[in-house]
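Just one chain follows, in the form predicted alone, and it is written as structure tokens.
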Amino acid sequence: MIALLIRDMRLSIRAGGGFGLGLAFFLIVTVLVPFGVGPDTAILTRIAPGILWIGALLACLLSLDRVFQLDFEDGTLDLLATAPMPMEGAVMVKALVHWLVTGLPLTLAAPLLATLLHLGAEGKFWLFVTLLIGTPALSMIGTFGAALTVGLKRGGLLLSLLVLPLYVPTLIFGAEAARRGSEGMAVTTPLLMLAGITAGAVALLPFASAAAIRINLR
């Protein structure tokens, strides 16, 4: 599993379209919002957690179509299916690589970009915390969607349509927890719900993803 992790990390960095593209898209969204909404500091501060969460969510979509597709095209996925390592383990590694290349850089960059939307120090802290807890769920859910569409030509649009509705609960509780934190309110309930979604996704979706891959390889 470690060898697969190192291999996928190298391929993600060499192939491009990983953290660089995601961060660029995240930056563009953050910069464009003040032009569309206006320079009112109070409005920007209020909508900042939701806007930044939406930007991170959409940035995670950019590289999902390559999670399994390249391995499917060169035959590596068939080898993984017959390898001693369970397919569930390979799915976990793929999701982890996607989070390390996409989710983690977005989480680290979010507090810096939040300055453009006049988010305060406390809001930046809770934005970082919620993204740190929630982005693994985005990667795991996205990996499940990629497993469902592996082998389909031009499956990127279908992948987005499948994954976006599954992202909604994570977005709701993540943005709500960040908003409450920025306003000094209690964040326990949405934060626990967000953590529960991430824990459930990590516990259950590797098995569903592995089953979908086995079906698509038949």
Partner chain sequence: MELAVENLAVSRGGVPVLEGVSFTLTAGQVLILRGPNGSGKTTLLRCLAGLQPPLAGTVSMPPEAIAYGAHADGLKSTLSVAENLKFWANIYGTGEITRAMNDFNLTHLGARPATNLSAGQKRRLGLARLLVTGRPVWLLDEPTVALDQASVKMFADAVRAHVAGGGAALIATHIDLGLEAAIFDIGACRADPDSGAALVGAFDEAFE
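Since we're looking at a predicted model, the values are computed, not measured. Residue numbers count along the first chain shown, from 1.
One more form of this protein should be noted, the form predicted in complex with the partner chain, which is absent from this view; the next part is about it.
The three residues 33, 40 and 114 each lack any heavy atom within 4.5 Å of the partner chain in the predicted bound form. Of the candidates 133, 109, 80, 96, 80 is the one whose heavy atoms come within 4.5 Å of the partner chain in the predicted bound form; the others do not. The partner chain in the predicted bound form is approached by residue 11, whose closest heavy atom lies within 4.5 angstroms of it. At least one heavy atom of residue 70 is located within 4.5 Å of the partner chain in the predicted bound form.
Contact annotation: the partner chain lies within 4.5 Å of heavy atoms from the stretch 70 to 78 in the predicted bound form, the single such stretch among 70 to 78, 134 to 142, 96 to 104, 120 to 128.
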